[in-house]
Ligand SMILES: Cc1cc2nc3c(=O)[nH]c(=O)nc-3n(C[C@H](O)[C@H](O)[C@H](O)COP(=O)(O)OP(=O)(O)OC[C@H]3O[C@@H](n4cnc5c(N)ncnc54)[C@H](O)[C@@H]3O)c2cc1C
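Have a look below at one chain only, the form predicted alone, in structure tokens format.
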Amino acid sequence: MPRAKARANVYEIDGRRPTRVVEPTNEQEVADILRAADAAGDAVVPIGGGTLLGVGNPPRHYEIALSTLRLDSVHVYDHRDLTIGAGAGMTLGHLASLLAKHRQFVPLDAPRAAAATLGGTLAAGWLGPRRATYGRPRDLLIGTTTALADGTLAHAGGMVVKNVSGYDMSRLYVSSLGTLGVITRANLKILPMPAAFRLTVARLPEGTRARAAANVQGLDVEPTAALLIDGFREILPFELGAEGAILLAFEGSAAAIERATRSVRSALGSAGVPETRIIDTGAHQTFARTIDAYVASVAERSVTLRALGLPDGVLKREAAAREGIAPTAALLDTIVDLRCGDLIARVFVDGKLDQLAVRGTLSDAVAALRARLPDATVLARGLALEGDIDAWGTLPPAIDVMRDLKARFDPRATLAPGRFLGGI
């Protein structure tokens, strides 16, 4: 039977604590818990490692926190088939260590990978910076088992990469934030690990940022990730210049990476950047620490938003974000993804303001960002969201279809009510 522990504070969402915590050990227990909760009118919020709890609005009501952490088994793994089926509660760190034994990997690139779970990463719809090369997490998903609100265990896809005809139901649960069902198992296609992985990092002196970004766009060997970073100094494992830093990740053969490094140094040198640092030893750890910055909060004084878009316009959107918050008392840290077009914008308050003043300043800053980036969504925050800060931006045109799906899958609104877009 699932364990019930008095650890509700661990599962607090925006000041809301569940009345009980359950930790099922298998898929049938998950289904039984949902069936009982649905009958009783209790709301269930599925939670993995809790690393992306900042995504989404607080639940309208919250009786049961359903931890998936004990669903951490490997169901199927044949390294020759390049597929793996694992429980939703397996951490990405554990998954990476398993696959590394056969020099394989899954490029999910989620922050705080040691704690982040496979199911939580998929449910939150996480998008990592290497997806321009390897595809989105949903593109790596080939099958799921999901517990629905009425206690049904729904199976979709399988363990074969090309086995889907018609709509792939597995993908329906990705990004649904647990509002359509609780992912209990995920089957993924995996990839051979490249022969080498290298980071190049360069501090950007005054007046070099724009040229550096432009000059790395036409490299002979395309990086698998290209990030312009300004801020987040408390967490990054490298130093920044007056205009931040540029980080490029390269994967492939040693010869290709050497050629890429020469091109990077030439490109950045012509932009006025005097030094490019090469990181081989500990490159994966440095890259992971950089990804951690996406959800790093400044105590209770920050809100981080993510705006998706095309790479060509991402620098203009960053400039618009800076212009937008300039009249406010908030400060801004940014990560610009030059390959995927993501803009990560963390607004925060410095100084010794009281909590009320901090909340007001952050609310003004988020509103100012939303005025320039209407689709920006909250990714992380150090304070509880209330009515003045909504986690989601402009509602998409398909919102009515999404509401209809919610009504069909979860007619009694048992699963994470109110967490998703439009109060779904």
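In this text, residue numbers run from 1 along the sequence as written. Just so we're clear, the structure is a prediction, and the values are computed from it rather than from any experiment.
Unshown form predicted in complex with the ligand; subsequent notes refer to it.
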Superimposing the pocket C-alphas so that the ligand sits as it does in the model of the complex, and applying the rule of 3 or more atoms within 2.4 angstroms of backbone or C-beta atoms, the verdict is blocked
Residues in which of 239 to 247, 135 to 143, 285 to 293, 177 to 185 have heavy atoms within 4.5 Å of the ligand in the model of the complex? 177 to 185
With the ligand left out of view, which of A31, A391, V45, L369 would have a heavy atom within 4.5 Å of it in the model of the complex? V45
Could you confirm whether A115 comes within 4.5 Å of the ligand in the model of the complex, counting heavy atoms only? yes
Heavy atom of G50 within 4.5 Å of the ligand in the model of the complex: yes
Does at least one non-hydrogen atom of A345 fall within 4.5 angstroms of the ligand in the model of the complex? no
Decide whether T68 counts as a contact residue for the ligand in the model of the complex under a heavy atom distance cut-off of 4.5 Å. yes
